[in-house]
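Shown next as structure tokens: one chain only, the form predicted on its own.
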Amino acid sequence: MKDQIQKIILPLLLVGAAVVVLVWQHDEKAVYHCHQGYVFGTYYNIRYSSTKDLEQLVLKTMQDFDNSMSTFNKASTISRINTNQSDTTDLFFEQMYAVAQEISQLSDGAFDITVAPLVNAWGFGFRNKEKVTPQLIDSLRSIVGYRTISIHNHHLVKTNPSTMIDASAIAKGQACDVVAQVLSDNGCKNVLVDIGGEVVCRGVNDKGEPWRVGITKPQDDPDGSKQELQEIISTTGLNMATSGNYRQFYYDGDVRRSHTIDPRTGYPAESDILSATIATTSCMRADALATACMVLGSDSALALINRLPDTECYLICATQEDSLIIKKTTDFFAHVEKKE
């Protein structure tokens, strides 16, 4: 009889223990976590609600991304491709390449990841500035062009071995997408990822309200200390990137040289746009399109963005009278402030 009772009671006790564990797990509260630091040459701010602290996972994800896409990491995939130590690509590189080629075609070459030799020559890249002459620019333009590279069976093919890739105008946006996806895959529904001003956000903040995201007013602000806001957006779902010439620049005599190089001419872009903010289907696409707009100028930029579905722009432009004027797509605020 005693053995029979034990056979009945023991399973009941195990079931009861399982119920207790399940109830305890169900009652565990999600809290908001905040991680801030310095990565990819800029600052990051990541916030999310979760029952777990995912900082180590976030840091590992960013390190994996750096090992692929950083031109300042000599062992990265992109660095090894640039120095011809390897032609093997990886998932991050191939994702970047696909979007970069798309935006290059859409913008008629205003965006081009093979612009690296020109960016370096002007002193804005990962090599020292050179003495710029028309002859040097003509020579470098011969190895620049998005049509000169292709990927076959996970290998990058260059028509000229001197061609180099610069993903700085697309990689921060891609990194935001990657980190946000990792957080989503780990059950986080309320997320904000800000890397160097490129932003992905989902859900609500710790007050249960839409996230508030700012567009910075363009000012001569190399160290980012002023941070005066032009607009503040309230949103529960956004992929947004901003490109501007008001931080990365230098004076060559009396001439101000901006970091946005026009791949088609080889010279710093001469554009009326001081700041281009794009909201679209991914932060990576937004990042690339923002750079393309900076090169194109406001009229051509608006024409481009108006052709693209689910894509909006907010352009801060300079007038001949040195005042500022805003040019934006009609549905910009309706798009970025929509509630998902």
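Not measured: the values here are computed from a predicted model. Each residue number is its position in the shown sequence, starting from 1.
This protein has a second form, the form predicted together with ligand ADP, left out of what is shown; the following refers to that one.
Residue in contact with ligand ADP in the model of the complex (any heavy atom within 4.5 Å), chosen from I261, I78, A175, C201: I261. This chain appears without its partner; in the model of the complex, the one residue of A169, M164, M240, V179 with a heavy atom within 4.5 Å of ligand ADP is A169.
In the model of the complex, none of the heavy atoms of M69 sits within 4.5 Å of a heavy atom of ligand ADP. Contact check for G244: a non-hydrogen atom falls within 4.5 Å of ligand ADP in the model of the complex.
Within 4.5 Å of any heavy atom of ligand ADP in the model of the complex lies no heavy atom of L183. In the model of the complex, C313 stays away from ligand ADP, with no heavy atom inside 4.5 Å. Contact annotation: ligand ADP lies within 4.5 Å of heavy atoms from the stretch 108 to 116 in the model of the complex, the single such stretch among 108 to 116, 85 to 93, 209 to 217, 156 to 164. Counting a residue when any of its non-hydrogen atoms is within 4.5 Å of ligand ADP in the model of the complex, the hits in 275 to 300 run D287, T291, V295.
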